[in-house]
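In the form predicted on its own, a lone chain appears below as structure tokens.
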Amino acid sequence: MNKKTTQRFPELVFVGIDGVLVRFGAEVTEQINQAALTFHRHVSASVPAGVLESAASLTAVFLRLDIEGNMGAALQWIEQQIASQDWFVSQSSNGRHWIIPCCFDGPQLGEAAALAGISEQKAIAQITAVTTHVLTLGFAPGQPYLGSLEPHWDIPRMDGIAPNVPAQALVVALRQLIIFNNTAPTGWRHIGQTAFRCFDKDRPEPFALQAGDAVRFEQAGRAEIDALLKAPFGGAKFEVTS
């Protein structure tokens, strides 16, 4: 990303009567997303009394303010944090790394590969070779948007809707991958199946993934995936590095 693209960002936008949005760009790129996540982690570690909530999205951070407190002081603190460093350069990882088994037998793998201009075998090789990052969580509890794949994976959503894509499915569109939390309709193409449960209310930490986590997929057979359905995290390997 060049300087012309980022020179007006970050920008502060008011949202309703008690919120502000710190925007880091107008489109989703890995650099913009990482800047937003780094800023979110920074402010979350030291929020003053007048800031009640910080939530990161793909390109921005939402901050909810205490309307009964000193909003002027809170806004001044936010502006100071924005100016405190170059968020497009000073980026950090949360050090969490996952390897998730996946069987690439989804009904639309061939269609997705063709749109990307490659064979099914090349598609599997590329997806299992790349380390993606959790750009954000949304739509369903703990459901990750993972990116970014190479530019030729900027394939569109389908024109129609697949009505019942199963839980733990791996889907693709717009240079991103999603692991489905629940069985749901979608316009994204179903390319594989995992045993990974993004959300489990009975776990001490119900959400398995956090924004910023590194995720890589490891090819597995269908029988292996079926055998992992009751395993912790669906057989995913997890480590934290400094």
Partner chain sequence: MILAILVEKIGPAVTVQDAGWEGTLAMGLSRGGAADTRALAEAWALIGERDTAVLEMAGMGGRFKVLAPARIALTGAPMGATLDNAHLLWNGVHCVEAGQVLEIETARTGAYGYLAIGGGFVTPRFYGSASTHRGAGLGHVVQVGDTLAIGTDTKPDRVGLVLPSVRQNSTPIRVVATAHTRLFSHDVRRAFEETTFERSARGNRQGVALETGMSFALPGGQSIPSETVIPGDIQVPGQGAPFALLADSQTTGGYPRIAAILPCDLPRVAQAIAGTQLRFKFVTREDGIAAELAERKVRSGLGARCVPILRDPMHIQDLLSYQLISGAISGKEI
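In this text, rigid core is short for the largest set of C-alphas that superpose within 1.5 Å between two forms. Numbering follows the first chain given and starts at 1. Just so we're clear, the structure is a prediction, and the values are computed from it rather than from any experiment.
The protein also exists as the form predicted together with the partner chain; that form is not presented, and the subsequent description refers to it.
Visitor: Note which of 215, 58, 43, 173 lies within 4.5 Å of the partner chain in the model of the complex, where distance is taken over heavy atoms; exactly one does.
Guide: The residue in contact is 58.
Visitor: Any chance 17, 28 and 199 all have a heavy atom within 4.5 Å of the partner chain in the model of the complex?
Guide: Affirmative, all three are within 4.5 Å.
Visitor: Would you classify residue 101 as touching the partner chain in the model of the complex, given a 4.5 Å non-hydrogen atom cut-off?
Guide: No, residue 101 stays farther than 4.5 Å from the partner chain in the model of the complex.
Visitor: Any chance residue 142 has a heavy atom within 4.5 Å of the partner chain in the model of the complex?
Guide: Result yes; residue 142 sits at the interface with the partner chain in the model of the complex.
Visitor: So, in the model of the complex, is residue 206 in contact with the partner chain at a 4.5 angstroms heavy atom limit?
Guide: Judged by the heavy-atom cut-off of 4.5 Å, residue 206 is in contact with the partner chain in the model of the complex.
Visitor: Quick check on residue 226: any heavy atom within 4.5 Å of the partner chain in the model of the complex?
Guide: Although the partner chain is absent here, residue 226 would stay clear of it in the model of the complex, with no heavy atoms inside 4.5 Å.
Visitor: Within 4.5 Å of the partner chain in the model of the complex, counting heavy atoms only, one of 81 to 89, 142 to 150, 116 to 124, 101 to 109 shows up; tell me which.
Guide: The contacting stretch here is 142 to 150.
Visitor: Does residue 221 move appreciably between the shown form and the other one, meaning a CA displacement of 2 Å or more on the superposed rigid core?
Guide: Stays below the 2 Å threshold, so no.
Visitor: When you overlay the rigid core, is the Cα of residue 174 off by 2 Å or more between the shown form and the other one?
Guide: Shift at residue 174: below 2 Å after core fit.
Visitor: Could you check whether the CA atom of residue 200 moves 2 Å or more between the shown form and the other one, using the rigid core for the fit?
Guide: After core superposition, the displacement of the residue 200 C-alpha between the shown form and the other one stays below 2 Å, so no.
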